[in-house]
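As a starting point, one isolated chain is supplied in structure tokens, in the form predicted on its own.
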Amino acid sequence: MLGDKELELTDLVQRAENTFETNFKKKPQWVASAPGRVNLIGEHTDYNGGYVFPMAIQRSVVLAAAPSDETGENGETIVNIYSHNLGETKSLKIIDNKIKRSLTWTDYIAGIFAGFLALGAEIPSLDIVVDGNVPLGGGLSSSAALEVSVATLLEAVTGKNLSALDKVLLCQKAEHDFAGVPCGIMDQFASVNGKKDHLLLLDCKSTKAYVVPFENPDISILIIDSNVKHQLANGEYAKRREECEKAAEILGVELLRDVKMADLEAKESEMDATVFKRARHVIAETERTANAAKAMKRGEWSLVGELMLESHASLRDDYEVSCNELDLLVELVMDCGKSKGVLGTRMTGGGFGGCTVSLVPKKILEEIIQDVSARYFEKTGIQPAVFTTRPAQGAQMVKQ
């Protein structure tokens, strides 16, 4: 298991408050939290307007904050940020109602501040502690959890309350403009809107979400972090978007969501083979995701598992965003568990490393964890990080 990362939210909040008092010699006035997310199925469909099927997880980013008396030499607003996980302090300056990128992890925070400044919010000097137990770089949206927790904090600090969708879009824009990642809306949406014991079937074209209960106590959601993250991820992400846009242009639509498989196949001769494969994944994945949500509603868990396995094969072969370690984990989970009732498994997140998500009967959970972890280490020399989660609640103010 993940050891330190198994902290309950209440323990994480207490640690953040203690860290704040140690570093800033006062008690925090506000505490905000926002969860990471896992996507059960529906990968690389969000920026194509398709369906995704995420849930918030029981791993969060927590912020403890209080006003600061510190100002710059010319009266600039100063925001001091201490990261518990990194053990370092960074400072941001707001000058003439503007904040600049710094090309560090604080850009995820600065982007949210910029969004609130653009809305006319008045932001005072602040001291902030950031703490969290969402695995970094694991495809579980630690960046979105950070963005959403900052937005939730700034709502309390400034009195500028946003609708859920406006908060999602502000956080997405921050990731685009400040972090330079052209993400869809799924990660931020799940972090803002997560509902305990439910998944969200999100239509990324209409931005409407439908809640689907996950109430089966005998099935666990198992997340295995491969503990690898290949460096080509961000460039390849942008490249996939470009390939999807090219396919949409050839098909005469704004979004691949609006295309049926027969329409794509009719245009295959006009497309580069790679562009065709990318579009084929998106169209099939959108349909798989809608079908998975329907199957879960009906309690057809074996069908949900089959669709997850189809999703992984498509991500591996057509979208080419998996990697050897993720493929190995998928293979090991099914080799160790298919005959014992494991329903399905797949990579989750942007790809090129990160995590897999699996549906595993609770009664064989520990056996699967031990077997897969041992065999993965034997073949790679890497110890995976493993945890289970139930669908969790979205962002909240813990103290204000």
Ligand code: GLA
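Residue indices: 1-based, along the sequence shown. Treat the numbers as computed from the prediction; the structure is a model and nothing was measured.
Here the subject shifts to the form predicted together with this ligand, a form of this protein not shown in this document.
*Asks:* Although the partner isn't part of this model, could you tell me whether residue 337 comes within 4.5 Å of this ligand in the predicted bound form, counting any heavy atom of the residue?
*Replies:* Residue 337: no contact with this ligand in the predicted bound form.
*Asks:* Quick check on residue 28: any heavy atom within 4.5 Å of this ligand in the predicted bound form?
*Replies:* Heavy-atom contact with this ligand at 4.5 Å: absent for residue 28.
*Asks:* Taking heavy atoms and a 4.5 Å cut-off, does residue 185 contact this ligand in the predicted bound form?
*Replies:* It does: once this ligand is placed as it appears in the predicted bound form, residue 185 has a heavy atom within 4.5 Å of it.
*Asks:* Taking 4.5 angstroms as the cut-off for heavy atoms, does residue 237 touch this ligand in the predicted bound form?
*Replies:* Residue 237 belongs to the contact set for this ligand.
*Asks:* Specify the contacting stretch among 352 to 360, 46 to 54, 63 to 71, 370 to 378, defined as having any heavy atom within 4.5 Å of this ligand in the predicted bound form.
*Replies:* Going by heavy atoms within 4.5 Å, the stretch is 46 to 54.
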